[in-house]
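Next up is one chain by itself, shown in structure tokens, the form predicted on its own.
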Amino acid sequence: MRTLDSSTSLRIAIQKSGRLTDKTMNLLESIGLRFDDYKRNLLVRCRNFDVELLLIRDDDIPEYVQDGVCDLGFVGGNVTAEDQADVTILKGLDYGVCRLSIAAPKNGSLRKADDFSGKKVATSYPVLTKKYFDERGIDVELITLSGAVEIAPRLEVADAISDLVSSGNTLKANGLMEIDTIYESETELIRTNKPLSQGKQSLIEKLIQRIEGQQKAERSRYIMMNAPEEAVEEIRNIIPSLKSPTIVPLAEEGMVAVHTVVPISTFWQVMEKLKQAGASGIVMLPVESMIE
């Protein structure tokens, strides 16, 4: 394995184990980076890119990036915001999506933020929670817990909680209901604000270009169809293509093949319109990557 040059190679912090680890590694591998034994080592070098990974607790990632120990980090936005870290957020990454919410017992009297005045709120996110209530002029007593926040009302440790919510099933299982959202979070790519060499900045640009290409590909599908030649103009108006679609004449006179890329979010609505316009044999394929 080659030796990395610390003046040009990147050190990236990621969560050692947890809900973001596998998704982050899948993202890095999907953009062509190859690693060995990342589950058994704390410092892992990339085989084909000037990068090494430092696998640490997610709560430590913003500080390591802030201090310049790592150049980049993949971490939940809620962690960076809670730590108030002095870092630059380069990109939201569309996974690890969750929200920090206040919640209270379903059978209780707390139904809106104003009802929390004078109440005890248990949380692992005291900074964000305090900011939420302070902005509304509501005085609450915060009880800081490191885990199992959702059972605090049942144990009579607190009247309500402020905790991360994904599906909401944990709240329901503990007889709680969401009252309001404090912070919307997703995994973010963060960068140190310490000075970086030109070589490192160049590598970061390449890495972001690959990630953006992967993100666009995940949100898009490649479609192919046959259509009467006279329907091409109508089809072009229907398709929300990145660029003009590719039109290829077929052996059957008066028929063409149309190839293009469409956002997955609109594919089914587009498909119905294409059929009405005369398209047939519509095929949808995944896109591996997109670089504009």
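Just count from 1 along the sequence shown to find any residue number. A quick note: this is a predicted structure, and the numbers were derived from the prediction, not measured.
The same protein has a further form, the form predicted together with a small molecule, not shown here; the description that follows concerns it.
This chain is displayed alone, yet in the predicted complex one of Thr181, Gln201, Ser166, Gln84 has a heavy atom within 4.5 Å of the small molecule; that residue is Ser166. Site annotation in the predicted complex: the residue of Val97, Ala113, Ile151, Val127 reaching within 4.5 Å of the small molecule with a heavy atom is Val97. Proximity to the small molecule in the predicted complex, taken as heavy atoms within 4.5 Å, picks out 158-166 from the listed stretches 127-135, 158-166, 105-113, 216-224. Of the heavy atoms in Gln276, none are within 4.5 Å of the small molecule in the predicted complex.
Shown alone here, Arg57 lies within 4.5 Å of the small molecule in the predicted complex, counting heavy atoms only.
Shown alone here, Ser280 lies farther than 4.5 Å from the small molecule in the predicted complex, counting heavy atoms only. Interface membership of Asn78, defined by any non-hydrogen atom within 4.5 Å of the small molecule in the predicted complex, is confirmed.
Taken together, the three residues Asn41, Leu72 and Thr192 lack any non-hydrogen atom within 4.5 angstroms of the small molecule in the predicted complex.
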